[in-house]
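To begin, one chain is listed below as structure tokens, in the form predicted on its own.
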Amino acid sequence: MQITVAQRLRIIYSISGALSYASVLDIGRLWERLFHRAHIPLAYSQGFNPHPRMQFAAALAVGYTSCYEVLDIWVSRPLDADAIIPQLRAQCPEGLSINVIESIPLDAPSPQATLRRMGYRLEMESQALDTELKNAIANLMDSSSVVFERSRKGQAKDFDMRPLILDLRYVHYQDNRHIIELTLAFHAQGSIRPEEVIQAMHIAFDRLYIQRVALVWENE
């Protein structure tokens, strides 16, 4: 078990299919097994219960797919980031795709510390007309506040989601689905989910498919 840290790597990856229904804890365990099988020399934390040094940028909700997820890992000896991509891809299960691996400074801020926005693509199966969705989006974006009730620790509290909705737009109708793009602000102390935004539009739907398409950091 290696404690020494020689390098920090940032992995950009995608999640799709059945794997989108795995919890963030399951995804973490999946990565640990993948690194072990690919012989990646992870560095471990110190203390009585050492664990691999890994850090996700933002937990992906169960049921979401994503084409842009971020995982930082610390390794005990220097590696060629490009060279290890094939050996990691060879161990990936269906639904997990590695896009890019890059070396970043050891003292770089944690991914969550500088994460500011998250982009989503929503595909909604609904009997509503496109004009109804466009009007609902316009009304929501024109509102100074959009308050909804959220339960925290068994207590119901009002929460204003409007400051966190940075952009919401209707794209088009395709394959019997309404396509919507959404950008939400990220705050570690409080955030909202795409489905909560759709609920605030008061549009009935049969199915909603959510894909995370972007993570945007400070100064980007």
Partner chain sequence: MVISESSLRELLSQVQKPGRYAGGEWGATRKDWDNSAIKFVLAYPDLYEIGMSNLGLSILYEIVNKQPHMLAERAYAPWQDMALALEQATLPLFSLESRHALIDFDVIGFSLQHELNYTNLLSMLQLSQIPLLASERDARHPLVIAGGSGCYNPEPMADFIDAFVIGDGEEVLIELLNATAEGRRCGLRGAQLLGKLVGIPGIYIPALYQPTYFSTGALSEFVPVSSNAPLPIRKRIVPMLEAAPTHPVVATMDIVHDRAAVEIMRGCSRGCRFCQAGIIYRPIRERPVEQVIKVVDQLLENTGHQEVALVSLSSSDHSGIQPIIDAVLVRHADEGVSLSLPSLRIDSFSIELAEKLHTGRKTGFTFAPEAGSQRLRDVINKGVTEDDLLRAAEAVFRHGWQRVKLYFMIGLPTETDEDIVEIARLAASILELGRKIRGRMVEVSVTVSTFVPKPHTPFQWAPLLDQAIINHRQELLRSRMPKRGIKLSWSDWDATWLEALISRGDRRLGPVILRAWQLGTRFDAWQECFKPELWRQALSDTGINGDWYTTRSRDQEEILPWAHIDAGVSEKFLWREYERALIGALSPDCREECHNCGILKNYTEELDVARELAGSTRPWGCP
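Residue numbers count along the first chain shown, from 1. Just so you know, these numbers come straight off a predicted model, no measurement behind them.
Missing here is the form predicted together with the partner chain; even so, the following discussion is about that form.
When contacts are judged by a 4.5 Å heavy atom cut-off, R33 counts as touching the partner chain in the model of the complex. The closest non-hydrogen atom of Q46 lies beyond 4.5 Å of the partner chain in the model of the complex. V62 belongs to the set of residues with a heavy atom inside 4.5 Å of the partner chain in the model of the complex. Using a 4.5 angstroms limit between non-hydrogen atoms, R207 touches the partner chain in the model of the complex. Note on the partner interface in the model of the complex: the residue among D80, E94, E149, D142 having a heavy atom within 4.5 angstroms of the partner chain is E94. A heavy atom within 4.5 Å of the partner chain in the model of the complex is found for one listed residue only; from H39, K157, K153, H172, this is H39. Only one listed stretch (158 to 166, 191 to 199, 178 to 186, 22 to 30) carries heavy atoms within 4.5 Å of the partner chain in the model of the complex, and that stretch is 22 to 30.
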